[in-house]
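Only one chain is included here, represented as structure tokens and corresponding to the form predicted on its own.
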């Protein structure tokens, strides 16, 4: 484990942005681009990878908000993180055949709080006023404002919606209303805002409940950010609204189930280890798909859509899949 703490430079006199160091990785940005640099272990030569600033910030926002999620969060085909649950592996080129075969890849492992603090500091410094890395492009400003221009801490500190059992129950996550600051999104103005009528027997008011999931999702102010709206032991329903491009390529360490609730999403499915194409999938309302435990996937939604993601949060699953004790697919045809 590399135990280095966060290292930052003073703001650049040219751009106003700070540079950050995490182990042997350094991160810097200018008006348009982010630069990730690392020494190639075999040669010691410095390797530089360039990403558009908006794409990098959208990806990092999800990595932070999801707590590094399940398995891999690939920012693109080169850079990303793997959740080791207590530690995080940061890598560049490790799952890219060209980098790996030329010995240009680097992987380093850190305690989770160190990576989280570093990534939060980067988000805070590099997210300019008016740019929301959680929102669809039409709903936010631009990441490209020349030199450093303020902050948008309200956006990057937005808490992920989670519940203990189900939203609306006493003491649980609140439902979304105009009064709570969640107006209906422009794409969902035709979604009914009625709530179901629940008549519970006396004494069971806190045990029997229901809410309008479509209304809940119609008021989402973020994209590609699953809310937890149902918890039953280790079974989680995580619905979300999707528009434009999923900012990361998610590499699974368990099986994921998708249920398309509205509109349409196209998925590019690739090998988790190499990034080689495996499938292209178009999902329309009512379609159900299983993402195997050995792939990475990225979605594209030309219109804001609703998707239900079903997750199994059993912490033993990564070991079971890695050891071959569980098949990578839930069914063999």
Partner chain sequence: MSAYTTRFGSLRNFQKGEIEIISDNPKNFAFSNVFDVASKSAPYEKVVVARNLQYVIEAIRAEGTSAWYAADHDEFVIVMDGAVEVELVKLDNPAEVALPGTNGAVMVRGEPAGKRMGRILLGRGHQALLPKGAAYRFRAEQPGCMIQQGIFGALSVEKWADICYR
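Numbering follows the first chain given and starts at 1. Since this is a predicted model, take the numbers as computed values, not measurements.
We do not show the form predicted in complex with its partner chain, though everything after this point is about it.
Trainee: Its partner chain in the predicted bound form: within 4.5 Å of a heavy atom of each of 34, 55 and 103?
Mentor: Not one of the three qualifies.
Trainee: Let me know the one among 132, 263, 253, 108 whose heavy atoms come within 4.5 Å of its partner chain in the predicted bound form, would you?
Mentor: Checking each option against its partner chain in the predicted bound form, the one that comes within 4.5 Å is 263.
Trainee: Under a 4.5 angstroms heavy atom criterion, identify the one residue in 142, 235, 180, 149 near its partner chain in the predicted bound form.
Mentor: Residue within 4.5 Å of the partner: 235.
Trainee: How about residue 312 - does it come within 4.5 Å of its partner chain in the predicted bound form, if we only consider non-hydrogen atoms?
Mentor: Residue-level check for residue 312: yes, a contact with its partner chain.
Trainee: Heavy atoms within 4.5 Å of its partner chain in the predicted bound form: does residue 286 have any?
Mentor: Answer yes; at least one heavy atom of residue 286 falls within 4.5 Å of its partner chain in the predicted bound form.
Trainee: Quick one: does residue 197 come within 4.5 Å of its partner chain in the predicted bound form, counting heavy atoms only?
Mentor: Residue 197: contacts its partner chain in the predicted bound form.
Trainee: Within a 4.5 Å heavy atom cut-off, is residue 269 in contact with its partner chain in the predicted bound form?
Mentor: Output for residue 269 is yes: heavy atoms within 4.5 Å of its partner chain.
Trainee: Residues in which of 226-234, 152-160, 111-119, 89-97 have heavy atoms within 4.5 Å of its partner chain in the predicted bound form?
Mentor: Within 4.5 Å of the partner lies stretch 226-234.
Trainee: Going through 316-333 from first to last, which residues have a non-hydrogen atom within 4.5 Å of its partner chain in the predicted bound form?
Mentor: Residues within 4.5 Å: 317, 321, 326, 329, 330, 331, 333.
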